[in-house]
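A single chain comes next, written as structure tokens; it is the form predicted on its own.
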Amino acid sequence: MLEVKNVTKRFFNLVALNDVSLQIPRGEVVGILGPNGAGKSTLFKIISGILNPDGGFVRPIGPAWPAIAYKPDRLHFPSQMRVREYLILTSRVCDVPQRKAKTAVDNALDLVNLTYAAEKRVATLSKGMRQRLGLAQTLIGNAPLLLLDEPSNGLDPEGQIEIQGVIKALHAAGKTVLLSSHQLQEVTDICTQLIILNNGTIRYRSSMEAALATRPHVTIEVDRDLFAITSALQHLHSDITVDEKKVFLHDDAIALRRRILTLLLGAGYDVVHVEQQRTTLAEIYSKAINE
């Protein structure tokens, strides 16, 4: 749907994005993770056209630009307007025909569970209700690409689950979603693609399925072929496999790592590399931002 190519953005001496390239495929939910200051919001603003990059570009993959709806992390609304009144105004900005505006607003309010507050003034809304209003606003124009910056921020656990359900429904309806969040479980549950940003650069990218599908294992690599003790190693546990110079400890066999290392050293092998495969999003995230 969209390609971000070699995008750089500076604010005086601060490099917010540094040569960032990525693709937003049609029909995917792309999760953007990263600590505060990683460049997530800046990336969203450049994709939405609010900011211009200092280098690089954003372009459509295809003949035309898709309509884009953007919900920022920091929400600002006219406080004295009523919720429905404000969304009707939004529908005009989004070129929704006047005869369809009420239906579009009602549908958006229903999707985010805010119908009960339609006649409340924005000034009286809690932070969580404002998040729902911000999401409702992005739905008004029926844009095919949604940029959602921290959509669950400020919501209680029940509210977070509801918003996740909305995003899943939008995905099922064919929408493309770019989502930033600090909620690792939220990203795990609803995103199909994963990108981790830190200090303005991409530190990790993968499909969510590939990121989490790898069977947990530890790899121990030694300096020469293990043929002489392969049988002894495999006899220790059924979840141990050997391939030339590498020993793989799967699942419950991981607990035998120290014992295996002692055995290898005692047999005269030099251990040249030990690696534990990351299998949870929390582990993937921690490794990416600390490298």
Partner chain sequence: MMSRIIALTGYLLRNVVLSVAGVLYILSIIPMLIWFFPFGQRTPELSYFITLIAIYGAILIFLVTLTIAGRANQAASYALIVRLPSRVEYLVAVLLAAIVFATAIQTGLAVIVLLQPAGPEASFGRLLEIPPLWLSINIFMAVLALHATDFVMSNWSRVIVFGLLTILLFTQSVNARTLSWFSTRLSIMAQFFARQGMLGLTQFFNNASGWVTDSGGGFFSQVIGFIFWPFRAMSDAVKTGSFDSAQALAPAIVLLYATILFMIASDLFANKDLHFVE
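Computed from a predicted model, the values in this text were never measured in an experiment. Positions refer to the first chain, counted from 1.
What comes next is about the form predicted in complex with the partner chain, which does not appear here.
- When you look in the predicted bound form, the only residue of 180, 90, 160, 131 with a non-hydrogen atom within 4.5 Å of the partner chain is 90.
- For the candidate set 109, 140, 191, 83, a heavy atom within 4.5 Å of the partner chain in the predicted bound form is found for exactly one residue, namely 140.
- The closest heavy atom approach of residue 250 to the partner chain in the predicted bound form falls outside 4.5 Å.
- Heavy atoms of residue 230 never reach within 4.5 Å of the partner chain in the predicted bound form, leaving it off the interface.
- Contact annotation for residue 49: at least one heavy atom lies within 4.5 Å of the partner chain in the predicted bound form.
- In the predicted bound form, the partner chain sits beyond 4.5 Å of every heavy atom of residue 58.
- Residues with any non-hydrogen atom within 4.5 angstroms of the partner chain in the predicted bound form fall in just one of 69-77, 110-118, 192-200, 149-157: 69-77.
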